[in-house]
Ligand SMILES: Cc1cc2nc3c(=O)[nH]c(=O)nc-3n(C[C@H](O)[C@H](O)[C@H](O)COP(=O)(O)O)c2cc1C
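The chain below stands alone and is given in structure tokens; this is the form predicted on its own.
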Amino acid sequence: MSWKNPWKQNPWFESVAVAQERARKRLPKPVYAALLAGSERGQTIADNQQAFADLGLAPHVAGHHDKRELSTTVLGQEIGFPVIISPTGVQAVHPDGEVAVARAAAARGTVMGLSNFASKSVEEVVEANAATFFQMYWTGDRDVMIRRMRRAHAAGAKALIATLDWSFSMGRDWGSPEIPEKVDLSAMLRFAPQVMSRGRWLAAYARSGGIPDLTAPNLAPIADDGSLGEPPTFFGAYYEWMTTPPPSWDDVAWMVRTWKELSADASGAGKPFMLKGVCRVDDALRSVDAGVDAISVSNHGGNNLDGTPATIRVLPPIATAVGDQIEVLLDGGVRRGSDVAKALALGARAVMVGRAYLWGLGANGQAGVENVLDILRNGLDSAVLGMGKASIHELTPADLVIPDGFELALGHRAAD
């Protein structure tokens, strides 16, 4: 009979907060700090989470359903529960990076969102999860963007996400982590004291036979024959982004139209398009005018313009204004399954998660991401059960305790 140490840490974790703490202990300090992120005083990142805590639930005592329907669709993709992976850049916190996340999402029956700032190529990620949405920033000229769209479509991406809510807010009150442009000998020597103290993380890279890749393969130059050049470093890609003039609403409409034209099937129908970063009712209405199929109510996870309200506060007026015309998703501050239930009750079709799965990835690779997705699914199921619903589609504001003044309607459309 074998003996097991009862004090050995269980690799499974029971909440996203525990995943975060495991990631903090496992990752080198600058790597963990990069995941924590936030901008300026951190007001928005804090409000994203506090706003969910401000909402209460109104459960029933009897009449519960023994089976609950959690599945839905997002941009034509059937998913097992209304949580999808939000695209985040350079996931070199683990050797398998975005591929591990894509596999975890596929294992749990949901969509993978892939950033064009990712550390793994769109081809690799689509192979790991056919239900992949490719995300682009407005970076480079139109010809460059067309080539990147064609590559994503050819790889099999099911939809395009455009993230445009970026104002390059600089400076964090708690300090920004140093991130090397590339991991060369100089960088290895400089970061050695912090890396050597994280033996398990270092061992994982040693077993993979590689080192953290800080390039952006999805932004590699594409020749006329479709061949790829050398991918830029993250900071090279970031420079291209910063020096590209910001888009107008006409540019957004062009992006939608171009993606649909080049991804059209035999019937002429193009693949769907999501605009991420909407916080105002007037911008939601302009998004409909531009032809998008979905928006994500988002403040870039608190990494952009600090002082922007929590997304759950601005969701209801936006969902009321455009929810009958396009799909409305939400991201920002989701840490529990009950947060998902609250977002659905206030008008979201689904939520996108970022930091939560990155902490799972940092703590335990693909299994850690699956663990986080299970936490969110189980928490959502518990909330739906407690509120006496048979389906997530039955959730309404009446199932919540909403404080006076909680909702914020930003933006009023000017008269035509």
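All residue numbers are counted from 1 along the displayed sequence. It should be emphasised that the depicted structure is a prediction, and the values quoted were computed from it without experimental measurement.
We do not show the form predicted in complex with this ligand, though everything after this point is about it.
Site accessibility, open: after C-alpha superposition of the site, this ligand as positioned in the model of the complex shows no atom within 2.4 Å of the backbone or C-beta atoms of the displayed chain. For the three marked residues, Gly109, Asn129 and Ala350, no heavy atom of any sits within 4.5 Å of this ligand in the model of the complex.
From the list 244 to 252, 313 to 321, 285 to 293, 80 to 88, the contact stretch for this ligand in the model of the complex under a 4.5 Å heavy atom rule is 80 to 88.
Contact check for Pro272: no non-hydrogen atom falls within 4.5 Å of this ligand in the model of the complex. Shown alone here, Asp339 lies farther than 4.5 Å from this ligand in the model of the complex, counting heavy atoms only.
Interface residue remark: Gly301 is counted as part of the site for this ligand in the model of the complex, having a heavy atom within 4.5 Å.
This ligand in the model of the complex is not approached by Tyr238, whose heavy atoms all lie more than 4.5 angstroms from it. With the partner omitted here, the residue from Ala34, Leu27, Ile375, Leu70 that has a non-hydrogen atom within 4.5 angstroms of this ligand in the model of the complex is Ala34. Proximity to this ligand in the model of the complex, taken as a non-hydrogen atom within 4.5 angstroms, holds for one residue of Ser121, Thr139, Thr163, Ser263, which is Thr163. If you take 312 to 333 and check each residue for a heavy atom within 4.5 Å of this ligand in the model of the complex, you get Asp331, Gly332, Gly333, in sequence order.
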